[in-house]
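Taken one at a time, structure 1 and structure 2 that follow are two forms of one protein chain, written as structure tokens.
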Structure 1
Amino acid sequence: MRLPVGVKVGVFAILVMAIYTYYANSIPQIESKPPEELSLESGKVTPAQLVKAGEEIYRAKGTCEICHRIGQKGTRAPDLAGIGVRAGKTRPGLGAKQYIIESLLKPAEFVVEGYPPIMPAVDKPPIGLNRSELWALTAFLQSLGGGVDVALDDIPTTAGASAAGGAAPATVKLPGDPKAGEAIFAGKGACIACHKAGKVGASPVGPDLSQIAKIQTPDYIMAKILDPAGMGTVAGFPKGVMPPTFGQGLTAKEYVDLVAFLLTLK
């Protein structure tokens, strides 16, 4: 039976994704140096201090600004201006505080209409916030238009369990060959035409990928290469510029090697 090329290509892309996702899921977790953690569980803290700590987390460790802006539309994720009030009206029966906490811990269950389901659970790697940090972050989000009344006890004790110390992060065994992937990045993939990645390349057309493994999950990076438009557009960059044809142009090995290279960038 002869299949149209489009179907073959689609099946191929899905197969590659499936294999790679299997690998990605069978490895314990991406190696990363645990960033500094905030602990507020012992001391007393005022709502104002909490909001300030939360704002820091929003801008730095939380890497929320990769996708969100406050007071600016048209990025790949909802504008968070006014979320402190809006959150109370989004889901019947769910208060603002609960809605905010749920959107941070289980983004996949609360996908805002019109946006791709790309938000990572923020208490899991790569972001990996602990309970104190989630508490402060929730206070900051509440402060965007609403009143701050979140208590540490509102954050489930199971949240951020992996980030709050415990076992040291395991080292990853990547299925691809990062060296070969670097060659694809600079050569056949021509990513270098638009992206910088560490010492490779200098083009400012697309985002600098030098820290991409620190700020994005392997699943997102894999999907972005195959379907750039489907994964939303990085804030501040033009839509539709990243070619949607890499799934067809690269062999499975080249793709896996390329992803392995990108996962070394942190």
Structure 2
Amino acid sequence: MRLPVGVKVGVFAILVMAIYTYYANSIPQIESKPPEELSLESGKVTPAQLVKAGEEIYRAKGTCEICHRIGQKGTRAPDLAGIGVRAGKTRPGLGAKQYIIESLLKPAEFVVEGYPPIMPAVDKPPIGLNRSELWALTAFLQSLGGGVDVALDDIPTTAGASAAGGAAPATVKLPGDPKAGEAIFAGKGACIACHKAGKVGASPVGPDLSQIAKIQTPDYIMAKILDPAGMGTVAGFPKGVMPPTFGQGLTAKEYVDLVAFLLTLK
């Protein structure tokens, strides 16, 4: 009895599938597991993992690279190359890790000569690192020329409380119109004569403001418009270029509109 061609093809296909299935099942199987998420507060972290996590925070959430450089003098903030060693020799009575931790939490008390006090506390908005992230960031900074010995217990338990879900600080809400503020930035305020802000302006006379709301608080931005000299001059830029009476030339509405625009620059 001759089988139809279609039946022969079907039987052959089943036979081939059976062979491949047997071969595949004969290969030792390796169980695939998703990588365990690094938990900084679990204690299951090596110094190398901690430093790596800190470096990622430095470059991403911490936004440190916007102002700081490593091995290159920055225009906004000091070069951090070798900070792991230098930090222990900067202020009598403070070791390297204590100096680094304190300067992250209270930057206004650790201003380097020649630079303005523009750094916000990293555990508060707009950066808002939590306690574990502060630990990792400190470890990374220690690793820049020094040994890493910071422990989680070295970080104050109150650090990053709001970032970890505590009571959030009151936010500044202005009734300004960002679009109108952008027009002031490019027009009446003549800010584009010195600054760049995203797609608006291109002048390098003053600092690039494209991410100003990401690295500075609303309080700083508002005060800088009203009292430019009083808030310091960013290193690498000439002093006294921004008119001290700049804010006085704006109406109240123009002022809040301009601030509202600057707060969108993230």
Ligand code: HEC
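Numbers given to residues start at 1 and step along the sequence of structure 1. The shown structure was predicted, so the numbers you read here are calculated from the model rather than taken from an experiment. In this text, the rigid core denotes the largest set of C-alpha atoms whose superposition between the two forms falls within 1.5 Å.
- Note: the form predicted in complex with this ligand is the first of the two, structure 1.
- G187 shows a C-alpha shift of 2 Å or greater between structures 1 and 2 [criterion: core-superposed Cα displacement of 2 Å].
- After superposition on the rigid core, the Cα of K199 moves by 2 Å or more between structures 1 and 2.
- Relative to the superposed rigid core, K239 undergoes a CA displacement of at least 2 Å between structures 1 and 2.
- The two forms line up on their rigid core, and I215 then has its Cα shifted by 3.5 Å between structures 1 and 2.
- Core-based superposition between structures 1 and 2 puts the Cα shift at A229 at 8.2 Å.
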